[in-house]
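Next up: a single chain in structure tokens, the form predicted on its own.
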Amino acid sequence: MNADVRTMKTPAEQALSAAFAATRDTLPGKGAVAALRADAFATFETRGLPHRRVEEWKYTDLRALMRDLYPLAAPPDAAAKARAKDAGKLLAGIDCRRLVFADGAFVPEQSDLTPEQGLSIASLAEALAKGDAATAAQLGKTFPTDDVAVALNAALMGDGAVIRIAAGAEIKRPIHLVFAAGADKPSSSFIRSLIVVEKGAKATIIEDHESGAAQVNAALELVVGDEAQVDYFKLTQARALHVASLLATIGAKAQFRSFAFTRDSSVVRNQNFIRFTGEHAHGGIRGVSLLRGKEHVDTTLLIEHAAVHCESREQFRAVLDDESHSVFQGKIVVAPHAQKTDAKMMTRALLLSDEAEADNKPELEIFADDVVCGHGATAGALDPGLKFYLMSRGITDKEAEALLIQAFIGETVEEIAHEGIRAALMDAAVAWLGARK
């Protein structure tokens, strides 16, 4: 039977259909944007929520996990905005430009909108409502994909950030997008952001999600122009269901570094669709996940090398305690004309409990013959010999474990160029370790 043939909708799928029917005429954007929404929702209607029989979602059965749809988040009131104000404290000691969103809606009065040469900031809802042609033309074009989660986001997107960095501009402070839960009741939000970094520009972008009883579907389209340098961070603390998609293109001679840090999250799927479109580009895609209880974190990558002489490094670490479950699915695709590609992918999982589970599935699809590519995956417990060595020097059992775990995480965290962010994430990891029972 064709997996795309739908015979019965789940309650969540019925609710999504009803939500789109009720809001499609009030969602921002007309013309091409409305057509994009309609086409995207048609994809969802045909295929439904992804489930375990869909290979890319084998380990994260969204149809089973999302049994009901929480009501769409209402525009934040004063109380919701007040609750969102304190979010993003993980980077509290770092001088950043904060842009705050409560339940997916932009809160300008809590955001730093100080003018800076070469930097343009707007909310997606405002840009679409005003009929901004550049935004409408770019949406959905950065990395076209038939992924159902991305399609749902496109159909129901309400607000998010629209940031443009002019050619040659160097943005001094990191831009910190803080997406916080403001509602005191369960809600769902569909957030879409668009960031365009033009030729030769430099910027650090932080996408920071803190949510409580909220279902979040977020997507970020990121265009890294030729010779640009972009450091991108995705920080996630989500107590309900969080699905996020990065859709990125990397231009010629560009430098792109990303880091995903996930902790204290019930169910998270971070999926990255990244395409190297210009020659001599470099990418470093890394991340750390810290899991305990029954938490579930899925990292899924599709890295497309579509130009010659490009280099990418993918390195991910997961630490699992209790009955937690981590998933890593990484695929590197090298196009026939992408000769001289140098790509290496490695994922490692550290299991602190016999009940924890790590599923690692790195893949290569190579259609060129002059490349250097490789991948690897490991999963195992702490080295008892190293632990014994530390304990023989007078260190307690828990302290020895903490030191070894810090070293395991540190190999990846130390790759972060920004000293303040590097220290903040390491401190957060140490705090997580300190809370272990």
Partner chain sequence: MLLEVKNLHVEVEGKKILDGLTLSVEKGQVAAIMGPNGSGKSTLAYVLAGKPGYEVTEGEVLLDGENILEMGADERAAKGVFLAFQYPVEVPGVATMTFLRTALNAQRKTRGQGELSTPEFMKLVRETSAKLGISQEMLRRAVNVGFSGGEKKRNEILQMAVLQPRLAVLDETDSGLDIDALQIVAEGVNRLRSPERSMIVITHYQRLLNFIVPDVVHVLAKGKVVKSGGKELALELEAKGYAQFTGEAA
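Positions refer to the first chain, counted from 1. Treat the numbers as computed from the prediction; the structure is a model and nothing was measured.
What comes next is about the form predicted together with the partner chain, which is not displayed.
Engineer: Wondering, does residue 392 line up within 4.5 Å of the partner chain in the model of the complex on heavy atoms?
Structural biologist: Although the partner chain is absent here, residue 392 would touch it in the model of the complex, with heavy atoms inside 4.5 Å.
Engineer: Would you please decide whether residue 407 lies within 4.5 angstroms of the partner chain in the model of the complex, comparing each non-hydrogen atom pair?
Structural biologist: Within the cut-off, so yes.
Engineer: Contact with the partner chain in the model of the complex for residue 38, defined as at least one heavy atom pair within 4.5 Å: yes or no?
Structural biologist: Because no heavy atom of residue 38 falls inside 4.5 Å of the partner chain in the model of the complex, the answer is no.
Engineer: Flag residue 64 as yes or no: does it have a non-hydrogen atom within 4.5 angstroms of any non-hydrogen atom of the partner chain in the model of the complex?
Structural biologist: Contact with the partner chain, no.
Engineer: Can you tell me which of 56-64, 39-47, 392-400, 364-372 lies within 4.5 Å of the partner chain in the model of the complex, counting heavy atoms only?
Structural biologist: Residues of 392-400 come within 4.5 Å of the partner.
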